[in-house]
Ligand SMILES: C[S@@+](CC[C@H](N)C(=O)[O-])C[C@H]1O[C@@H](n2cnc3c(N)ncnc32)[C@H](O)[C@@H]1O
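Shown here is one chain on its own, the form predicted alone, set out as structure tokens.
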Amino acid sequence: MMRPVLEEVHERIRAGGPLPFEAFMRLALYHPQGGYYATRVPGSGGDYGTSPSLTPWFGRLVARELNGMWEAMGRPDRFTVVEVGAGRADLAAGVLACAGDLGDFGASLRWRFVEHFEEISELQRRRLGALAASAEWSQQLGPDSHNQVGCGCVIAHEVLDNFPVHVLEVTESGDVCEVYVAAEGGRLVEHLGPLSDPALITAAQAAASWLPPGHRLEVSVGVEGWMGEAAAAVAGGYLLIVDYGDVEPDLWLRNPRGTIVTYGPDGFGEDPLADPGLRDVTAEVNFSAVERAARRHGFEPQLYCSQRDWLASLGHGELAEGLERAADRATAEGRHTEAMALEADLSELRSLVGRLGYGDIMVFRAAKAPPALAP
């Protein structure tokens, strides 16, 4: 029996011809019965790891960032973090677990999860346990004014790289075509065709001025609408995006065939048409497009740097040195089990800033209305 995603892809192709890759990716990830995110939750125990699932130290460092935002906003009585795509709630658990040590900020902190799938919401509640008393859930980010918080921060951690993208390719003539998904002999294959959306024209023209024939790039049209919802979600506050990506034209130039990759039970893959619904499909984030959209919706960009540099500014180095000293003391005093646990913590903490790994993730922060937060 054909899987739900694959069956619907073939049905749509039979009914209307080849699908823009964006439509295929949307089905592969978000089909309500068989989409990857309808049936799986990323993070600990998933097909790939994330910084919050690697170690609770990540959440503790993010708590320092959020505390700085709260201070810059004048220490409001309530500060709400609106997290999109929270997966197993590892980030929230890390932050909320140390909230009691954060004084007045911890007392003001609330968490709102934006989650479309009720099964995942239930998993998040179980994951948080007693900490769920400081959290609430919503199925949409915005723009319903009922969902707007007065002061807070919208967080998207490794979310935008899963936005469905249009895939464009520069042809020998210098024109830009779009990649479609077609069916031949029962197999899914790629075809080139005209641009499917007028919103792609500007990006296509910009890319064509930089790229030679054969080069590909991805365009996420959905970033614009999402940014509008993020702006509507907080009356005043911040936007924090942590994700893999780069800026134009570097993003295009260093990835001649685009940035799309997949993750599944067997690890990393490069064929997005293989096993739709059974593998995660990602494309690196175009942070130039993110910045333009943020400005259009009232956010003032403040920070763009690597996770390595961002966590250093939050005291990562001092934490690592403290763990190292504690491990050395435990070893010297014969507390070997404790020393091994501290060394494991230290290894995970250092992984957050590792090169060719988590440290290369990019961090984008922007503010809406409140006083400037120093980088």
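Numbers follow the displayed sequence, beginning with 1. Predicted, not measured: the structure shown is a model, and the values here were computed from it.
The same protein also has a form predicted together with the ligand, omitted here; what follows describes it.
Q: Should Glu178 be counted as a contact of the ligand in the predicted bound form, where contact means heavy atoms within 4.5 Å?
A: Output for Glu178 is no: heavy atoms all beyond 4.5 Å of the ligand.
Q: Tell me, yes or no, whether Ala233 is in contact with the ligand in the predicted bound form, where a contact means a heavy atom of each within 4.5 Å.
A: So Ala233 does not count as contacting the ligand.
Q: Do Leu123 and the ligand come within 4.5 Å of each other in the predicted bound form, heavy atoms counted?
A: Output for Leu123 is no: heavy atoms all beyond 4.5 Å of the ligand.
Q: Would Ser313 count as a contact of the ligand in the predicted bound form, using a 4.5 angstroms cut-off between non-hydrogen atoms?
A: Because no heavy atom of Ser313 falls inside 4.5 Å of the ligand in the predicted bound form, the answer is no.
Q: If contact means any heavy atom within 4.5 Å, which of 191-199, 158-166, 290-298, 71-79 contacts the ligand in the predicted bound form?
A: Residues of 158-166 come within 4.5 Å of the partner.
Q: Select from the listed residues Gly85, Gly106, Pro249, Gly228 the one whose heavy atoms reach within 4.5 Å of the ligand in the predicted bound form.
A: Partner contact (heavy atom, 4.5 Å) among the options: Gly85.
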